[in-house]
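Take a look at the structure tokens below, where one protein chain is shown in two forms, each on its own, as structure 1 and structure 2.
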Structure 1
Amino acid sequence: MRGIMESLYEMFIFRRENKFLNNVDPRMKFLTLIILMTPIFLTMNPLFYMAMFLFLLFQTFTLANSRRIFFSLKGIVKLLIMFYIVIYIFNAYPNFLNLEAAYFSFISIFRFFLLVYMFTLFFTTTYIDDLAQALYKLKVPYHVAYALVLSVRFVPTVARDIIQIYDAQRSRGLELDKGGFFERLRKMLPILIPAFIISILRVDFVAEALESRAFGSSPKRTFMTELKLRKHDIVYILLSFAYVLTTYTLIEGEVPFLTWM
């Protein structure tokens, strides 16, 4: 549990880094995310998934802080292994020695993993205020954009709270890894209840802080640093699009997006 929370914390905490992906316009990054995501739903070919995985790995190593991204993924991978077991049981029932079920469960998890990887890459390299601005420029009302952004902004805060609660309860002898399934579920209560209470109390603090700084008093809003499309944003999205198009066409023998329409 600590591992998963630490991963979430790393994924969503803000650190300004001078890497290529961190400097790409979030609007273009989001569009690229959609371009990368769409063909994953069009095929179940593991070869194409592998090609996408290699592309993400390439981006991680050359364009982003790879250490941080891998750490963010580490906790999630543990969860995926658990999901795999559950999916396998459902797919294989009643014959539990089932190669076909193992294969399809693997493909489903691989697909899910790729999606998680893409979102990790997006969130670890995007400054949350830029995201708010990007949404605002896409004509989303600022208070709606800000509400969305706040929910992301508080992920690391809640993750840190849960780590503290987890440590405090384990220090009082709570052993989460002992007992049967329902016993373990019951043992989550001492962790979940304080987490909920702290979060609810925080809502009040945030609301007061926002109001005291005249949030929403003017419908028009300016930003300290204006987002501007630059050449490298266009190059990034075009290259990503070209990669997806080429690999999909080569592996599947048909052009994506076109056939889809």
Structure 2
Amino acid sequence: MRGIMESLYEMFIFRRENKFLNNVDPRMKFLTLIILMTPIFLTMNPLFYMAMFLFLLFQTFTLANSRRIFFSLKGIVKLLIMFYIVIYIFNAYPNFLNLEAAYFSFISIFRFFLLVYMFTLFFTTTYIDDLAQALYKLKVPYHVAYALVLSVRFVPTVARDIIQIYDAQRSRGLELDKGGFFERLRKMLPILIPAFIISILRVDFVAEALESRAFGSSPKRTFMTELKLRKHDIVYILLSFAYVLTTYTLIEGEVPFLTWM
């Protein structure tokens, strides 16, 4: 539980670093994220998934802080392993030695892992205020963009609250690592209930703060620093698009985005 929350906290926290992805325009990163995600839903080919995984690994080691990325994914991978076991049991029942069920369960989980990996790269290298401006400049209504950004802001905050409650309950003698599966689930209630109450109170505080500042009274928004496209931003999205297009065409034998026609 604590490891998963630490991974979530690290995944949604931006730290300014002298890395290429940290300095790419968030609009280009958002569009690149869509380009990378779209083919994932168009194919079930494991070769294409592996090609995408290698591309993400390349970006992690050369363009971002690899230590942060892998720490963010560590807790999520443990959770995905649990999901894989559940999906496999559901698909294989009553024959639990079903290789076909094991294969399709793995493909489903690996697809979800790739999506999580993409979002991890995006959020760990994107300043959240720049994300709001990027969505606004991509013609997303500001109240929608702000709601999305605010929800992203809440993830590390809630994760930090759960970590603090977890440590506080353990210091009071709550043994979360002992007992069977259902016993451990029962012991999670003293952690989840306070975290839920704190989140509800925080939402009320945020609503009052927005109302006191007349949020939404002006349809036009201004920003302290304006985003500007640079050459390396264009190069990044073009190279990413070229890689996805070429890989998908070579593996699937058809051009992506035209398969519905």
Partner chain sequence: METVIEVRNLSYMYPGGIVALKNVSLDVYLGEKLVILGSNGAGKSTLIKHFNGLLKPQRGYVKVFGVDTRKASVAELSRKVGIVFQNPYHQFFSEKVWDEVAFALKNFGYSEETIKYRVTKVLRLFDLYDYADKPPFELSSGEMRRLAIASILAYDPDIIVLDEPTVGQDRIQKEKLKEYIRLLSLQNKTIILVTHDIEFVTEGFDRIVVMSNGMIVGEGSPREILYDEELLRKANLILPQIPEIALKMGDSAVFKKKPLTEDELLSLIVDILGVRK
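So that the term is clear: the rigid core is the largest set of C-alpha atoms that superpose within 1.5 Å between two forms. Every value quoted in this text rests on a predicted model; they were computed, and no experiment measured them. Please note that residue numbering is based on structure 1, beginning with 1 at the start of its sequence.
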For this session: With both forms of the chain shown on their own, indicate which is the form predicted alone.
Result: 2
For this session: Answer yes if the Cα of residue 143 shifts by 2 angstroms or more between structure 1 and structure 2 on a rigid-core superposition, and no otherwise.
Result: yes
Exercise. So with the core overlaid, does the Cα of residue 209 end up 2 Å or more away between structure 1 and structure 2?
Worked result: yes
